[in-house]
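Consider the single chain below, provided in structure tokens and representing the form predicted alone.
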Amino acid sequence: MSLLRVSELSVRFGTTVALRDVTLEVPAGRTTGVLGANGAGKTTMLLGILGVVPRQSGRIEFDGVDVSGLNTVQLVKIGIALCPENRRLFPNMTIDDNLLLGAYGRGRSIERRRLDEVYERFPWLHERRHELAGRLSGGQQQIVAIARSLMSQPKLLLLDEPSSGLSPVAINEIADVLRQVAADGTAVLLVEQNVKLVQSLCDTAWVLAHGQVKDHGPVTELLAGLRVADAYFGGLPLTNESAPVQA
């Protein structure tokens, strides 16, 4: 069953068409990948789904309901959360305060309950909860950003380039976190340039290029031959560097 259905989503900035008639689906409780090079429209697609940027056209269905008319706050309340590219933490605030922002406006008792749930899932965050977020490593900051998104208890997590700027070791740690998120029943729409990470976490993926869906299907099929290479790598064949991230 599809938790999210996006139909013919288009986004325009002035005279520039950033996204044209994008259609995709995300199954409930599964991690679905979106591959594409810089400028493919991946981030714009996530922002368009969540209503952060105005949609020129398109229909958004969530859990079987047309939610195209809802604003960003309303979409978050019904169960969609965004973990943005580059983490976007507040470096001079503590881990505790950064996390609480993920449940802002829900009431103090709910905020504290959800904070306890996040700390139960990530015990090391609790141990370091009074540290400034800016003092953490890049990988640790990414985990805090994901945890902050989970504070709203989403059914669907929109995740934008979580491997950006991280070491291979940190990327493997992020992969483990995302496996745990999926195991807990949260669906993830994972936008990535890192083919290895998508290959490790996703059964199905969509390929974006120049603001349009160029291909989709099982990851194993997309990575076979030139199906991804033609749309994503400019026709270059894949190499052994596309091996899966180690579990």
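Don't overthink the numbering: it's just position in the shown sequence, from 1. Because the structure is predicted, anything quoted here is derived from the model rather than measured.
Just so it is clear, the following notes concern the form predicted in complex with a small molecule, a form of the same protein that is not shown.
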Would residue 190 sit within 4.5 Å of the small molecule in the predicted complex, counting heavy atoms only? no
Please run the contact check for residue 33 against the small molecule in the predicted complex: heavy atoms, 4.5 angstroms, yes or no? no
So in the predicted complex, does any heavy atom of residue 43 sit within 4.5 Å of the small molecule? yes
Give a yes or no for residue 24: in the predicted complex, does one of its heavy atoms lie within 4.5 Å of a heavy atom belonging to the small molecule? no
Taking 74, 78 and 104 as the candidate spot, are all three within 4.5 angstroms of the small molecule in the predicted complex by heavy atoms? no
Only one of 212-220, 198-206, 60-68, 33-41 has residues with a heavy atom within 4.5 Å of the small molecule in the predicted complex, and that stretch is 33-41
